[in-house]
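Below you'll find only one chain, the form predicted on its own, shown as structure tokens.
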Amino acid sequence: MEFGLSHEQQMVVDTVRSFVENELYPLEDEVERSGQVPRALGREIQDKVGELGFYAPNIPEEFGGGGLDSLTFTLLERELGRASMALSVFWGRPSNILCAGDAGQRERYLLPCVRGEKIDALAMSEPDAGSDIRAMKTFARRDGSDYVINGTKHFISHADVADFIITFVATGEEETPSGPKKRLTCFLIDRDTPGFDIRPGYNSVSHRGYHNNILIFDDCRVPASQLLGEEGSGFDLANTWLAATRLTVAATCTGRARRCFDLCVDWAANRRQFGQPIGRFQGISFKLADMITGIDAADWLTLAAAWRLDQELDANRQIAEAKLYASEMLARVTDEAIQIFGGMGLMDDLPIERFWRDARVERIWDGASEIQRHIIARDLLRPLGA
């Protein structure tokens, strides 16, 4: 593993950070105040990213994307993690599961996403099926050349701005070593499909302006041509294409932690108490030492997992480690930041309280910390027959 960045990778880091600082930071206060990103503003961000030539950087070049390798794309995500998610979502990174579609599906869904003409969202979670996705109750039954879908999804991120939803539903049961489990199937469902309703979700304290939504399917009829992959292949599709989303969480957590840390260092160097900068007091300086050690460790865990993907090595455990450690590190860093800033840390005059609020969800979505620990322990014990 090389520990230095290539010229191209450094260029990506510098370009994305400059864009985030100059184009997105100035918009954050208004997003926090209003809890909204006007669609016209989202389009403006998309256009600016397109002008940079950085739209759809994770999609292979053969489909018109940037074709970045996993390590370089992870560096990009790390820099985007510094900004409000409500704004950075418009730096288009279509779900790479769309690459699994047939030629017609790529033409209708993937390529418009690559061109910035459409935005996708992904729907798995349900009120009774979070970590246990095979417990989902939303069901599709075959009816001639169509499928009819009924059920409810919730916690579906940015479905309110999406043109179509990559939706996983049950289409039967199958026997597994753990007993009967739902057979999952993936569909591409346009937002204006009859019988499909996208409703406002819950009011989250994390990531204001980046909305979760509730999806209602009421005899929603979807042509079989919008089935992604084969019927019943949804679980394998998810495991093949979506594992790297946990790496994205690790990367964005690391980027946000470093932004928070930079503010802490500046505050510790300039805030004076008892006639000297507070950073000279061991109670503050040791906090900074622990914070940067955790950030650097999370950074290397994350980049090492991305490197393994590029080497076509199994990285499931390493991605779980990165997601677990980086998300919990961010919680520690933002909490210590509040302590360093004192009372001002809790005031919305500064972004520290926002970083603290936003950090909480990272240990839950894309697989809770407990799920990541399960993945890690299973990888260690299975080879020993335990």
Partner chain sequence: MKILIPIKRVIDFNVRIRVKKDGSGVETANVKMSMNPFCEIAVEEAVRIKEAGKAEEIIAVAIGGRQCQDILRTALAMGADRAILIETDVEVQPLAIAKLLKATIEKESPGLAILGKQAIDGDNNQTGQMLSALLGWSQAAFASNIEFTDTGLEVTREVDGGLETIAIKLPAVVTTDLRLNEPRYVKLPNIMKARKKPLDVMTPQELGVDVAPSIDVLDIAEPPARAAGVKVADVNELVDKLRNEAKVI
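Predicted model only: the values in this text are computed from it and were never measured. Positions refer to the first chain, counted from 1.
From this point on, the text means the form predicted together with its partner chain, which you will not see here.
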Open item on the list: At 4.5 Å by heavy atoms, is each residue in Ser125, Ile376 and Asp379 next to its partner chain in the predicted complex?
Closed with: no
TODO: Name the stretch: of 63-71, 326-334, 37-45, 339-347, exactly one has residues whose heavy atoms fall within 4.5 Å of its partner chain in the predicted complex.
DONE: 63-71
Task: 4.5 Å heavy atom contact, Ile364 to its partner chain in the predicted complex - done: no
TODO: Decide whether Asn270 counts as a contact residue for its partner chain in the predicted complex under a heavy atom distance cut-off of 4.5 Å.
DONE: yes
TODO: Using a 4.5 Å heavy atom cut-off, state whether Asp266 contacts its partner chain in the predicted complex.
DONE: yes
Open item on the list: Please determine whether Val12 contacts its partner chain in the predicted complex, using a 4.5 Å cut-off between heavy atoms.
Closed with: yes
- [ ] For the stretch 109-146, return the residues whose heavy atoms include at least one within 4.5 Å of its partner chain in the predicted complex, in the order they occur.
- [x] none
